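What follows is one chain in structure tokens, specifically the form predicted alone.
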């Protein structure tokens, strides 16, 4: 059989198979390793994975890549970023080093609102130009699919501008983007002291605008809410997400980053695809994750970036039978990190994951956390051919090493894009 591409002679092909869905509980970390492995690709899809000798006998390829004893994994999927934004907040990092807390900076008009002001003022072209280099760096470090969010507009024109920027960014570079509408990321300064009124504005103006954008572009958006003390409470979050679901959005929730308000249980109740952050998650919410389909997304770069001591309780979530994914939370305020390799390293050190668990959380489970587990995140026949060749023979170098790029080659949808 003729194929377009045959990657062969890999020390390990880490298939990271789906388990009729994400890898849950004690089963997280199933890598399905094939030694001396090979992958056959045709029309951008994987057609076969197996031993090199078997696939070389079965397939004739237009192009071949000799992995030469290196490890092959799925492309990383980053299921929570805050791309696109404009500008930076290096001055606030300096303030935090001087003792100011994240919430104190936010209350003083910094934080999210600082980036909101910059993003509102930027043109669409400026927003695209500012974010292309971030996605290019993500690709070089192995991310082949990523979620992107609005939430730095917080009024109709700027929120829609962010969505338009995502479309243009998706067109101009290889990292495949999934779009999230986050008009309830913060209460903007012009609505200060009138949170309930802003919630009504989100429900009556911003969500319908997002729904119209979805219809125009023939794409389904996620809708997300920052359910947190000092931002949006559980009742406000419920009201926004209930209306979003009625308008055809899929659901996500920022929850339990600083206080456990019940946002995770709400996410499970409403059938949200994911609940993200989950640092201060109460025991009853962890139990709910084990009973529902909502994926817990840990963002270890965020507490690391804030120099905090608590991280997503991964072991408790897995013990409850939950599904866990990892993401970068790449944003200008708390964790400007474009490397999922660094996220894996942090997940191993501060969330207690093994390298195998962290790799599965950053690939197949991350894919399910953006609703794309049937398309990407594993090296199974029928999936999109998003493939990494590492500059090492052993996947366990991921997590063990950090601050150096172990990705030698990136294949996206069957095409060589790095290496």
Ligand code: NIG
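What you are looking at is a predicted structure, and each value in this text was computed from that prediction instead of being measured. Residue numbers count along the first chain shown, from 1.
What comes next is about the form predicted together with this ligand, which is not displayed.
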Each of 78, 358 and 368 near this ligand in the predicted bound form, meaning some heavy atom within 4.5 Å?
no
Residue contact check: residue 272 to this ligand in the predicted bound form, 4.5 Å heavy atom:
no
Within 4.5 Å, heavy atoms only: does residue 333 come near this ligand in the predicted bound form?
yes
State yes or no: in the predicted bound form, is some non-hydrogen atom of residue 185 no more than 4.5 angstroms from a non-hydrogen atom of this ligand?
yes
At 4.5 Å between heavy atoms, is residue 141 in contact with this ligand in the predicted bound form?
no
In the predicted bound form, which of 78-86, 342-350, 133-141, 153-161 comes within 4.5 Å of this ligand (heavy atoms)?
78-86
Partner-contacting position among 311, 201, 179, 102 - heavy atom within 4.5 Å of this ligand in the predicted bound form:
102
Heavy atom within 4.5 Å of this ligand in the predicted bound form: which of 73, 302, 281, 119 fits that? Just give me the one.
302
For the heavy atom contacts within 4.5 Å of this ligand in the predicted bound form, list the residues of 222-242 involved, in sequence order.
226
